[in-house]
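A single chain comes next, written as structure tokens; it is the form predicted alone.
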């Protein structure tokens, strides 16, 4: 039966030719390591969240009177609803970790250099959209933690003169976080962000496929690369087929991602969902300590340390712009970061500060 199906598909679309020319014929540099698979792992994580999100939509009600109750119904009454929601929650946080590691590895390997500046820029946009996914989805359970964290987050733009209050009202749909805010965040989460995300992913993959994967800047192959003066498909002194060699490596990393997701669900179910997440939102009772989720703890703590709120937000916006446009700013031809000690030290200091601020924000 399988052979009949395969032959039928091959007759109609030339499956064998497609595999030979587009998969086996697509060459991967031999210097690739597991960090090259993180992009596919992140895409797989998004697919998991999309599928689980569709199932959650069957029972979720985006209304202030029903949102929390519908989430509790999913967790307690719907068969395997708790599992679907836990996969959605854990996979979203792990996806953000994977995307962050992917960007860090690309930076260290110098793979953002010409002609891959746009590829980096698109990857940076995908990371920001992933953060927006997390921010918009965080309010949907309408819990005490999510309500007040969203209140704090949406008040940040008020630091800007003239337009600050307008931006906050636009995000909230009014002066305060209400049912209108919930509706806006729900629409953003399930209707606006997915097509934008998938469109940028398509462009990102197209650039990678068209140009080819880069070799690590500190590898032997990188030493023989020719200056990029015009378009050409990247060739490698030593390479292997994308399929099945690299596909198997990707499958291994996806399996590890899945295993880690279920490990956290089984043995650390509250790791990404603290107790306050199971308390219904109460606009008239402000918690003693209002903090955002872990991925916003570093910028949150930085704002707390800087007395002038406008100055603190401006610094962070400039850092985001620097992050997105870094390939266009760094014009050095040297891709080996080990031969650029100043850049390496600066990178390690910034990364260390981010970790310290995150931990500080968590326990302060």
Ligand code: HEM
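Positions refer to the first chain, counted from 1. Nothing here was measured: the structure is a model prediction, and the numbers come from that model.
The same protein has a further form, the form predicted in complex with the ligand, not shown here; the description that follows concerns it.
- At a distance threshold of 4.5 angstroms between non-hydrogen atoms, residue 208 is in contact with the ligand in the predicted bound form.
- In the predicted bound form, at least one heavy atom of residue 106 sits within 4.5 Å of the ligand.
- Taking non-hydrogen atoms only, residue 39 approaches the ligand to within 4.5 angstroms in the predicted bound form.
- Contact check for residue 197: a heavy atom falls within 4.5 Å of the ligand in the predicted bound form.
- 99 is the sole member of 90, 177, 139, 99 with a non-hydrogen atom lying within 4.5 angstroms of the ligand in the predicted bound form.
- Checked against the ligand in the predicted bound form, the candidates 184, 204, 85, 291 yield a single residue with a heavy atom inside 4.5 Å, and that residue is 204.
- Judged against the ligand in the predicted bound form with a 4.5 angstroms heavy atom cut-off, the residues 131, 300 and 360 are out of contact without exception.
- Residues placing heavy atoms within 4.5 Å of the ligand in the predicted bound form fall in a single listed stretch, namely 40 to 48, out of 291 to 299, 40 to 48, 54 to 62, 307 to 315.
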